[in-house]
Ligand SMILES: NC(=O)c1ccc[n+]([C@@H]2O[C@H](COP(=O)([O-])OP(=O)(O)OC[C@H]3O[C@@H](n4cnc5c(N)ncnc54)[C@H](O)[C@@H]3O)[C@@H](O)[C@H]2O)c1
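Here you get one chain, nothing else, as structure tokens; it is the form predicted alone.
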């Protein structure tokens, strides 16, 4: 297939493009290469992708409608996998307008371009987030739960993206599939994520910051499992005109245990600094994946111990 991927220099986008290219698909892609974290890692990902003959990349910000519209008119593709977004819960408190531009205006621009230039698109697959569940007391989190109480601006923009897409799907007959990602980790991951910064600090003998005494739970999902799930959706006839799915591991892990696994793989004890709960953070994420399992046979396979082992090996190889 011909596939348009946004955010191809990002963590999930890179791994997804790499796997799709290995399967013989053609990829056209964009990314704005912003400096939310060190661009060297983004450029390293891109360098690997650009070795593939079926990969085309343009540096572009999806909040620029005119440039995005030109891209739509000049390129042919069957489906879109829209991953470009401003990530990070805590950063959204510091830089709120970055989230409005990327996650709201960007989503709106994508939908407008589909309506105007690709009305027969097979599927618009887009990234949402487990953060839309806020501090829900009902676990595991089901797609049928109310998600109208986000506790961070990031979560609010992701929920808004779902609502915008629902409206456009209804008004303009756009087929759309939203994916609520649950704490994705793995090689070439985002340096702002806790597992990445923990690894760096433990290896360098620096203290790691543990919030809420480590009594937080996260549904850590290994990148290969996420990519396999996204590709199943991308290469299968959509089951619904508009649907949002959880895509996670269905097996939450306490942060304290996660640090223990990291220590074992690194071979070094962490120096810990205990801090209170942070604004915007949630106590637990836990994915009910029965819907995506039923419709697309999604089944995560990677245990936290195996995933962390592969990440730490990559980290040591990449950073020496």
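Residue numbers count along the first chain shown, from 1. Being a predicted model, the structure only gives us computed values, none of them experimental.
The discussion below concerns the form predicted in complex with this ligand, not included here.
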| item | value |
| --- | --- |
| This ligand: the contacting residue among 34, 251, 26, 290 in the predicted bound form [heavy atom, 4.5 Å] | 34 |
| One residue of 165, 129, 199, 177 in contact with this ligand, assessed in the predicted bound form (non-hydrogen atom, 4.5 angstroms) | 129 |
| 4.5 Å heavy atom contact, residue 218 and this ligand in the predicted bound form | no |
| This ligand contact in the predicted bound form: residue 284, any heavy atom under 4.5 Å | no |
| 4.5 Å heavy atom contact, residue 208 to this ligand in the predicted bound form | no |
| Close approach of residue 242 to this ligand in the predicted bound form, 4.5 Å, heavy atom | no |
| Answer range among 138-146, 166-174, 80-88, 116-124 for contact with this ligand, defined in the predicted bound form as heavy atoms within 4.5 Å | 80-88 |
| Residues of 6-22 having any heavy atom within 4.5 Å of this ligand in the predicted bound form, listed in sequence order | 7, 9, 10, 11, 12, 13 |
